[in-house]
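Starting off, we have a lone chain in the form predicted on its own, written out as structure tokens.
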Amino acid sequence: MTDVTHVLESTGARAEVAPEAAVHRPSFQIVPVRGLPIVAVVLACLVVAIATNRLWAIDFFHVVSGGIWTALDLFLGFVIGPILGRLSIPARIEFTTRFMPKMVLIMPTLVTCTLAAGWQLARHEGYLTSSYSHHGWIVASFIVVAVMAIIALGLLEPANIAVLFELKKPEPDGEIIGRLMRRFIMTAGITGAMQVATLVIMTRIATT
């Protein structure tokens, strides 16, 4: 999508053809309304699990949400990113308008479930006390996860939403979209790499 303006300039058509006429943009919702009930059900189940303090349910939310978050970040950063860069402009826009709105709901939900269930699990198991033998590893995991959450909610999610708002404009700026998409893919890759660090910490705690 960074090539939208350059393509039009190179063909001498920028003054005659508007970007939206040259590249078809499918209609889409920035926030997919149909997904909101699913998110509501997931968060409601998380609240019930924490309120009832059921260890298996809390552990389920933490492991499943964390696993999906890790896999999604790695997939975005190291698989989708390189592929997206090689797609044609229409294909990139088609993919973005279909995929990015879903991420508006998926990413905050995964982060919320992972952090809330993880904290409750640590409290339930007594990992928060300084007397715990692996307290240092727990603190390290909190730091890594906190940084990942800040990146995901403070950089990745705003970039995602900004791309969608830009695509909604009558004349979207290809350069802005390209810059935001690079930020989105890069931050996803960074958090994916950091997720590997949390896996190392968790397996270390579980096996020693």
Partner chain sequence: MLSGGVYLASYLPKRPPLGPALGLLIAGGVLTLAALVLLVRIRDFAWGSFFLVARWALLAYMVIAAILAFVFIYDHTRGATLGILIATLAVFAIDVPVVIAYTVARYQRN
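Computed from a prediction, not measured in an experiment: that's the story for all the values here. Numbering follows the first chain given and starts at 1.
In what follows, reference is made to the form predicted together with the partner chain, a form of this protein that is not presented.
> Kindly indicate whether Q29, V41 and M103 are, all three, within 4.5 angstroms of the partner chain in the predicted complex, using heavy atoms.
Not a single listed residue reaches the partner chain in the predicted complex, so no.
> State yes or no: in the predicted complex, is some non-hydrogen atom of E166 no more than 4.5 angstroms from a non-hydrogen atom of the partner chain?
Within the cut-off, so yes.
> I'd like to check something about A146: if you look in the predicted complex, is any of its heavy atoms closer than or equal to 4.5 Å to a heavy atom of the partner chain?
Within the cut-off, so yes.
> Can you tell me whether V33 touches the partner chain? I mean in the predicted complex, with a 4.5 angstroms heavy atom cut-off.
Result no; V33 lies far from the partner chain in the predicted complex.
> Going by a heavy atom distance of 4.5 Å, is A51 a contact of the partner chain in the predicted complex?
Contact with the partner chain, yes.
> Using a 4.5 Å cut-off on any heavy atom, which residues of 134-151 would contact the partner chain in the predicted complex?
The stretch touches the partner through H135, V139, F142, I143, A146, A149, I150.
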